[in-house]
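What follows is a single chain, given as structure tokens, in the form predicted on its own.
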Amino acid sequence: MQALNQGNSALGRRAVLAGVAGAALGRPAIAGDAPLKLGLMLPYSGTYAALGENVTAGFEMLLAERGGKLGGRAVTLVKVDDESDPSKAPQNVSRLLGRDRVDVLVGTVHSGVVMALVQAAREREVLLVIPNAGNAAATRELCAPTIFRTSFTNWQPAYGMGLVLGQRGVKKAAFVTWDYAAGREAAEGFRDGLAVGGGEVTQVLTVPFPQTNFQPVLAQLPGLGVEAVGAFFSGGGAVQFVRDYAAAGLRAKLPLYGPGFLTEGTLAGQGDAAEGIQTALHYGDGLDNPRNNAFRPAFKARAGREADVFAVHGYDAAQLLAVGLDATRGDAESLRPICAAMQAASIDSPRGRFKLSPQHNPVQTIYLREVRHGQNRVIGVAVPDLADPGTGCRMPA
């Protein structure tokens, strides 16, 4: 990848040649007052459909607040359903950059799917904002000047939950997850946090993604000799896992914990099975700050449903992108000043104000939550101002 630190001259030449190279790169030249085209690659069907819909609704809400413009230019959204299918991701990215000729990529939810977007951002110098997928590699060893994340890494909330349990004196725990990147990285974070207090994860049990037959792993848990169980699931899989866990009679014997996605946006389907489960996440019900107090009723009025962390991710993805495009008055080709403005941004988020680490991850508070009467109520702070380790990132100066 051609690094952005090679000087403004390189980017200037690129802008001049955009009309010639646009077909090859799949990116249009600036054309007066032509709308900005933003490619939203998100799941609108399957296990993560509800997540993709709320990311989109949050993004569109910020756009509406700004009169449909970023950097003074009208915005056109081009949406692609990625179906949470990594095998289809390269084709979907090519469609957005080739046929649709979008200026900016925004996506996605699935940690496997996001890698195609990361590859495009690195190889084609396309600006990418990740509004959910927590794949650590995207902002660790595969970091790039044009890749930004407004959500979390899979490591962060899992680390917070493990840290809390370690501080409580838990010495042995098991972890259950789907067998894919997000699950493995969540298990790593949970293990690292627990280890701070002298605890250890003695067993990681996995289920193929997106299968929801959890009975084989649930049957193993009572014989592992652990004091607690951590779990990473999300969407429809989280609904099924929590219900199956309760139905198996495990709650009284082995308390269930996890990154907040275990109960985020899933409580209606989980019902009483989720009551009392504690999780760690960078957002939760009852956060009392001016931005959140305005955001929640406005989102419900617009979307007809309660806001969750996925809505916040979409809203903040648009907020961060607005900072960059405002810096160039909507010139999406001026990547150096866009990226500099985004890197320096302080985002007034419903989760609480956050800045970005040098690897372009949010440095944010991880809250401790407990399910109470159908809400993920914030009951404390698991860890303040947590940054992902950013291992392996070699960002150009």
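For every residue, the number given is its place in the sequence shown, counted from 1. Quick caveat, the model's predicted, so the values are computed rather than measured.
What comes next is about the form predicted in complex with a small molecule, which does not appear here.
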Inset, instruction - Go through 139, 111, 263, 150 and name the one with a heavy atom inside 4.5 Å of the small molecule in the predicted bound form. - result: 111
Legend entry - Contacting member of 283, 241, 159, 232, with respect to the small molecule in the predicted bound form [4.5 Å, heavy atom]: 232
Legend entry - residue 245: touches the small molecule in the predicted bound form, heavy atom cutoff 4.5 angstroms: no
Inset, instruction - Decide whether residue 310 counts as a contact residue for the small molecule in the predicted bound form under a heavy atom distance cut-off of 4.5 Å. - result: yes
Inset, instruction - Answer yes if any heavy atom of residue 182 is within 4.5 Å of a heavy atom of the small molecule in the predicted bound form; otherwise answer no. - result: yes
Inset, instruction - May I ask you to check whether residue 133 falls inside a 4.5 Å heavy atom distance of the small molecule in the predicted bound form? - result: yes
Inset, instruction - Look at the candidate spot formed by 48, 51 and 154 and say whether the small molecule comes within 4.5 Å of a heavy atom in all three of them in the predicted bound form. - result: yes
Inset, instruction - Would you point out which of 221-229, 72-80, 197-205, 103-111 contains residues with a non-hydrogen atom within 4.5 Å of the small molecule in the predicted bound form? - result: 103-111
